[in-house]
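Look below for two forms of one protein chain, each set out as structure tokens: first structure 1, then structure 2.
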Structure 1
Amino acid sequence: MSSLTIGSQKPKRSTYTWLFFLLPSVAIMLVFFIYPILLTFFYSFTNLALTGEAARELKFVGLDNYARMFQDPTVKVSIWNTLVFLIGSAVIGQQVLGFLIALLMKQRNRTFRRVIGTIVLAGWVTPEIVCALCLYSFFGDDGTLNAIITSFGFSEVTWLFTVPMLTVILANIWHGTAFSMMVFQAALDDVPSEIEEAAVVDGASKWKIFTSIIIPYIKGSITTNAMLVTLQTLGVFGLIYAMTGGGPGNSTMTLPIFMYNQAFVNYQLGYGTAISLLLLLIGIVLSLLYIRSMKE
């Protein structure tokens, strides 16, 4: 009871009391979060390696890592795959499907809503490694999907080999759609029903109501959700890694997996860090856009 006071309203506090409150969390964030971000910039200019000569003597190599990056065909493939994965699973997949589910669920039977909602949510609540296992076995050669299509007389497809990117995209949609669904359910609930009813009275078609009332009303949620979902998908590692490991070939090699392989399989930590900087920069730009969308 150091600051016990009598008669005055507030406990005595110096101007720097706030420092005492904020210091522990700010310190831990500085050391383990902000400092590594700065290190990312620094290490990406070095020859940092896990083994060999370079592991002992850290040297500046200037823009070598970057020069290498722009010449490396696998980098191009990884960037392309990351884009396909982001757009396919996050921007289109989760968003559109989540929105569709939210929209169709509106004004449906309560029990029905609850059942469907719970099933979709289960994929979201399930940890990513378990998701990877479930979807791996679903798409596997002897998996559920092949069992279904062969029972209809079609021949088996080696999904994980023929269309590996599609399988990881669908896996991420399975895992993430519930988030968008919930965001859009909340957003759709906020659309005042009076406006909709007035439009119906004026004879507007369903499509007209959808495009000129509902969509403009929830535009903010759409932008913010798009940003958040993209950011979450950008860092996805375990799901792809456990399902395909980036292969076959480099067909599902996204930037996080390529970064990991360079740093820990090829022991090129400096190069891996240069790649992670690429991820970080994309993340920073998206985060800034996200904050702007929140402020509006």
Structure 2
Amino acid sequence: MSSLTIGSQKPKRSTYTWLFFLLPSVAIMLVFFIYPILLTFFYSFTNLALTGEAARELKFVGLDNYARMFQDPTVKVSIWNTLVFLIGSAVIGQQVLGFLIALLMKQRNRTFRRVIGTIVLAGWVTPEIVCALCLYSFFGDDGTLNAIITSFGFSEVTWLFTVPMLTVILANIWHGTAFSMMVFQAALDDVPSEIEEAAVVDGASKWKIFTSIIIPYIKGSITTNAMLVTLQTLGVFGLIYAMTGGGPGNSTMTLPIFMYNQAFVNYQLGYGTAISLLLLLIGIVLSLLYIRSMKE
């Protein structure tokens, strides 16, 4: 009896043992995530610079950087361009095209899915700077697109100067659509075929099945994908910078490019960090909106 009692006793463990195993991950979060954010927040209230008198002595300037930011007309243009780029290439472009491709591949044979999937994935696995150079060559004055339209007797178009925002939107759609396609493909494959078959037997049209069964069933995937793609697109820098550099003029000047120009071209790091916090704030607001829509 005593041996059973002794054998059934569990060894006592310290209530703080779990903290020991969490310390490495907490330390990494503090050093590589929390500390840089706090440092960025602090520098946004200073005159930090890489050249000039401000580089010799760091001074606390309060809200001067933020006052300057909201008085800068280029900031307003950058915010507008960022929203246009987000809506055009992420919310509408990648979402809609990715969903249409996934819907096209639904219940197709394995060969068809492999061929289409490989073609779409080619743009996603290609590095961003390589995608930018490919699309620059495509839309350039002597590029592929002009070669095609001139072969039909039309005159050349300076795409990168006439419609620069459209070119970078199409480039980002080509680069990122594969992610949305894979998300929607997995979601559509999870829709029970029995429900669709029962709806067909009951006389439901394809449109009715699409709007009343498929869309409600995958609405969680739609919202989640929209949030991920939006946040990813919000920070796109290399694609636009390599294709247009934010120009011509400020026609493709988004917040990441404007932040880079202020911090590393004009060497005004304090002002650049203030712009980065504005970009962070926009990302937080969009995330909260998506999370709220998911709860609803």
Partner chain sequence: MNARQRKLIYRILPYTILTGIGLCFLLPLLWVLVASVDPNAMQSLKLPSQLTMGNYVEVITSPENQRAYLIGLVISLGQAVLVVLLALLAAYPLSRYQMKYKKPFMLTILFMTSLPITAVMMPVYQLFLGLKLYDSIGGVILFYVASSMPYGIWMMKNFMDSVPRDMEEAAWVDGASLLTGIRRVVAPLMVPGICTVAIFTFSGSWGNFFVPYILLQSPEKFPAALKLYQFFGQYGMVDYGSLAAFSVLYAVPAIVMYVLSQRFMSRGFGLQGGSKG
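So that the term is clear: the rigid core is the largest set of C-alpha atoms that superpose within 1.5 Å between two forms. For numbering, take structure 1's sequence and count from 1. These numbers were taken from a predicted model, which means no experiment stands behind them.
The chain as displayed in structure 2 is taken from the form predicted on its own.
With the core held fixed, the Cα of residue 277 is displaced between structure 1 and structure 2 by less than 2 Å.
Put the two forms on the same core and the Cα of residue 29 is off by 2 Å or more between structure 1 and structure 2. Shown is the Cα shift of residue 286 between structure 1 and structure 2 after rigid core superposition, which amounts to 3.9 Å.
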